[in-house]
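For reference, the chain that follows is the form predicted alone, supplied as structure tokens.
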């Protein structure tokens, strides 16, 4: 017996089902317009004004804020540091959590669940409290880390005061949260891998390395790329907190990035115009990067 569905009939009051669907969607659409696109438009308008957030006099500034922003060496240094942060964070967002998730997935049981819980613990720690704890650990005179290294005969290191070590130290302090979150997400992606395929490969005397390379990793290719891109969005608030508490962008701008520079323009110098121009530049650059990655992904799927 074959069942056929009749086309939807208009309601008695004249509204179609599509109209009712839009009625259900309208609160979400209204929220997005009010809380996302509304502030974006307001920021775009502010980027053309000369205003300190409190003065009643607001003047039209044209493109001066963008010219000031793009000619300041501090913003160029912050942009370059942002690229360095992204390159340092990327292995902690992809390779490390992927390896941990596969290792835990291959050995299911209570011990694996316990380790998974321990790995996720850094995500739930309060960011500011976590940064303050690291401040005590990394103190150049009385910090725990230098005292432990002193027992081993290593000279004390000014981890956050030396421009050569400050940025990698900020990344190392932030890395546990990135690794914890992405280990959980890689574990969710591994739920789609058929364990019977792995068991069949083991019966054929395949080594664990061969199973990982030939069966598991090819099925994690898309989550690998997606989580790498997603981490470039999620990680900045955690980095911002650690920079704000531990270094405030120093020493000599070594740990500054575009987000902390934007905050400095807006809430240290009270220059709303330049801060808004920085926000628009960051949004445009990220939009271009996402568009490029989307086109690249479509081209990759089309050639397969």
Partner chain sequence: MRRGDAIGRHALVITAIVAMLFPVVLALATSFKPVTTIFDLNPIPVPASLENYDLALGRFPIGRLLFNTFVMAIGVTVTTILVALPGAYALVRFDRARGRGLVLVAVGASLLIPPQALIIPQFLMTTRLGWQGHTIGVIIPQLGVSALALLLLRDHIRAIPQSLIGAAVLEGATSWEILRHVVLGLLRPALGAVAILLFISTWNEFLWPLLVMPDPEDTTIQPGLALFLGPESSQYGPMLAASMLASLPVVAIYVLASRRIADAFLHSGVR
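Residue numbers count along the first chain shown, from 1. Rigid core: the largest C-alpha set superposing within 1.5 Å between the two forms. Just so you know, these numbers come straight off a predicted model, no measurement behind them.
What follows is about the form predicted together with the partner chain, which we do not show.
Every member of the trio 104, 117 and 267 reaches the partner chain in the predicted bound form with some non-hydrogen atom inside 4.5 Å. In the predicted bound form, residue 111 approaches the partner chain with a heavy atom inside 4.5 Å.
Shown alone here, residue 51 lies within 4.5 Å of the partner chain in the predicted bound form, counting heavy atoms only. Taking the partner from the other structure, the partner chain in the predicted bound form has no heavy atom within 4.5 Å of any heavy atom of residue 197. Mapping the unseen interface onto this chain, residue 245 counts among the residues with a heavy atom inside 4.5 Å of the partner chain in the predicted bound form. With the partner chain left out of view, the stretch that reaches within 4.5 Å of it through heavy atoms in the predicted bound form is, among 206 to 214, 82 to 90, 162 to 170, 69 to 77, 206 to 214.
Residues of 17 to 40 lying near the partner chain in the predicted bound form, listed in sequence order, are 17, 18, 20, 21, 22, 24, 25, 27, 28, 29, 31, 32, 34, 35, 36, 37, 39, 40, the criterion being any heavy atom within 4.5 Å.
If you fit the rigid core between this form and the one not shown, you'll see the Cα of residue 151 move by 2 angstroms or more.
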